[in-house]
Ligand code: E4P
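The chain below stands alone and is given as structure tokens, in the form predicted on its own.
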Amino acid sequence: MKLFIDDANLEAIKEINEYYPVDGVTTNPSILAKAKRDPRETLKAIREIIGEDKIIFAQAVDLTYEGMLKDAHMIIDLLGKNTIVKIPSTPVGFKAMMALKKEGIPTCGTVVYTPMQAYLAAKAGASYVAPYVNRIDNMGYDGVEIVKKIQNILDNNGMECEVLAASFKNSQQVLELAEYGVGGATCSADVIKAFVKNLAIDGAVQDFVNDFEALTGKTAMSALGE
């Protein structure tokens, strides 16, 4: 399962990108708004942090067909290769996905709440579909199960499209989807940090250091020859 940072906080992205094996960064207009600066500058800064080999997602904001295509071209020109344009999974969005597919521009069908939306986005040529796990939960459904159903639909129909599950409230949801084998998940920096935030882990690591120091007077194996 691919893992992405769902954030526009540059310092948080730097930290997670340095210490965790992530595949890139996802954004949306609301996330970019929190940075309180020109979204184009934020996106360019994110690209500089993660480099050209990792993937960045940016969303077309215009709700018209022509506007979506114009936004998509601007995003690709701004961020270069390994850029995915997020397009809402609506009738107009499906039309834009089909057109962008013909141009060779990869898209992600976003704002996915139902398996049928995901199916249509994949059918329209989207490279990813992004179901919102926690938001689906808040509608009274089981977000994790909906994502699993979407993964089954893509697999059973041989579609060249990956799940990019989003909107998580805890690491257990992410773990369950990783166990199931979904294509990818995107999480805020705080949720990613919580993956290994455990006092038992910290305590065990410190115990090893304390025992080694008590035996050798050193806190590192490499210090023994000093």
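Computed from a prediction, not measured in an experiment: that's the story for all the values here. The first residue of the sequence shown is number 1, and the count goes up from there.
Below: the form predicted in complex with the named molecule, not depicted.
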Next on the checklist: The chain here is shown without the named molecule. Which stretch in 163-171, 176-184, 35-43, 65-73 comes within 4.5 angstroms of it in the predicted complex, by heavy atom distance?
Outcome noted: 163-171
Checklist entry - Is there any non-hydrogen atom of residue 126 lying within 4.5 Å of the named molecule in the predicted complex? => result no
Item to check | Partner contact for residue 94 in the predicted complex: the named molecule, 4.5 angstroms, heavy atom | outcome: no
Checklist entry - Any chance residue 132 has a heavy atom within 4.5 Å of the named molecule in the predicted complex? => result yes
Checklist entry - Could you tell me if residue 110 has a non-hydrogen atom within 4.5 Å of the named molecule in the predicted complex? => result yes
Checklist entry - Which of the residues spanning 28-50 lie within 4.5 Å of the named molecule in the predicted complex, based on heavy atoms? => result 28
